[in-house]
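Take a look at this one chain, the form predicted on its own, written out in structure tokens.
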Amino acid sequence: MMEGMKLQKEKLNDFLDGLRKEKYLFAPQKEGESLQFSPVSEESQVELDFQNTIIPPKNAVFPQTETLFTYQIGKLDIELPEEDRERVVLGIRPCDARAMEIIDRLFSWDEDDPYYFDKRNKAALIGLACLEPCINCFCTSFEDGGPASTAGLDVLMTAAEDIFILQPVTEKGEQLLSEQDLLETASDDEMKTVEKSHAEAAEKLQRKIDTEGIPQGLPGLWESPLWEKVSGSCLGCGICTYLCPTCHCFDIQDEVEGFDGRRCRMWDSCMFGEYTLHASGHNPRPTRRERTRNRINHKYAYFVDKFDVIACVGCGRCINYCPVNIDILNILAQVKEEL
């Protein structure tokens, strides 16, 4: 990692203002009772004292609803959206940054998705090291995972007593920091303090899963009674997928009002009954048993086969916010017992 820089906490708003003048700045902000990443219009609204947002910041590069093009009925021409601006996502947790790195593989699978990569290639990620992990975080279960992991980041930012330490990880991050005149070089003692806080944060994690053998063994449990048991209480609400930073399924629809139309795509969920419903009325995943089985297999087997990485980063959101307390770590533990 390159030389560390420091920012006095009292100068944070000025730092944000400098970023916002040059870039499209996303950061965690209170919206009602919820904390989520959204474009910054007022620096004082940015909140950096939190464990994690409920909704992951993937919407900065993969919006929940996105217009692909607009058109008029009866005309052949289409109008593409305006080109996206350079953007900075500040305060992203390392698990969520690593999730973006994972879904990059999907969106560049056979052809680069132009809508996704127009935003992704113009985004700089300033991560905020997680010094107080949530009770259900299990990020250290995965290679390159951890409360201060730099995977997917351009800059790693760590809160200390009265300063933030910013460590550039990539050339993009180094260039971004070089443009800010509020930063000073961090001392060796300050860097040692930060490294110690990173190590202590990793020791605070209370949960972990050994993923050894799971990707290879899951297909053999296709007809296991396990899936009936673990899906029995599922409501099919889709929270586990909507709040997952690596879930990337989407639907594409045309919306027309009068003669004006738009083609848009929006997040979808494999936990919805209509997700695999055929026009004939047949559904290959007719019950929540099949849909739960698919969700776990997709993250821990299918994605591994195709992209050589587990599509889970251990953020714990699906555990924290499931209304009926379904716990993916408990499911994986039962999978391990059956292997």
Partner chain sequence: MVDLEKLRQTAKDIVSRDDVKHIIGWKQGTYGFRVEPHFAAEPDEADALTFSPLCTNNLATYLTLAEKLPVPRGEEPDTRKVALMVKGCDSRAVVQLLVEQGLTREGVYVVGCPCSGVVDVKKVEKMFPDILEPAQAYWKNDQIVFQLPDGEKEVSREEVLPQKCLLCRYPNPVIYDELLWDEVKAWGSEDYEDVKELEAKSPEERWDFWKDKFSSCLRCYSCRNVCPMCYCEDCVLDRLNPTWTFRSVNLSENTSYHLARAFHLAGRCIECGECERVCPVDIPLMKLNRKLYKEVVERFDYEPGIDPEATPLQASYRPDDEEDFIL
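Numbering follows the first chain given and starts at 1. Everything numeric here is computed off the predicted structure, so don't read it as measured data.
Beyond the structure shown, there is the form predicted together with the partner chain, which is absent from this document and is the topic of what follows.
In the model of the complex, do I102, T150 and F307 all put a heavy atom within 4.5 Å of the partner chain? Per the other structure, none of I102, T150 and F307 touch the partner chain.
Using heavy atoms only and a 4.5 Å cut-off, determine which of Q175, Q253, T185, Q216 is in contact with the partner chain in the model of the complex. The residue in contact is Q253.
Heavy atom within 4.5 Å of the partner chain in the model of the complex - the one residue of C237, A199, A160, I78 that qualifies: Going through each option in turn, the one that passes is C237.
Partner proximity in the model of the complex: Y116 to the partner chain, non-hydrogen atom cutoff 4.5 Å: Close contact is absent here: in the model of the complex, Y116 is far from the partner chain, nothing within 4.5 Å, heavy atoms only.
Does any part of N330 reach within 4.5 Å of the partner chain in the model of the complex? Heavy atoms only, please. Yes, N330 lies within 4.5 Å of the partner chain in the model of the complex.
4.5 angstroms heavy atom contact with the partner chain in the model of the complex for P286: So P286 counts as contacting the partner chain.
Hey, in the model of the complex, is M191 touching the partner chain, heavy atoms inside 4.5 Å? Because no heavy atom of M191 falls inside 4.5 Å of the partner chain in the model of the complex, the answer is no.
Have a look at 261-269, 116-124, 151-159, 91-99 and name the one stretch with heavy atoms inside 4.5 Å of the partner chain in the model of the complex. In short, 261-269.
Does anything in 301-328 come within 4.5 Å of the partner chain in the model of the complex by heavy atoms, and if so which residues, in order? If the 4.5 Å heavy-atom criterion is applied to the partner chain in the model of the complex, 301-328 yields I319, N320, C322, P323, V324, N325, D327.
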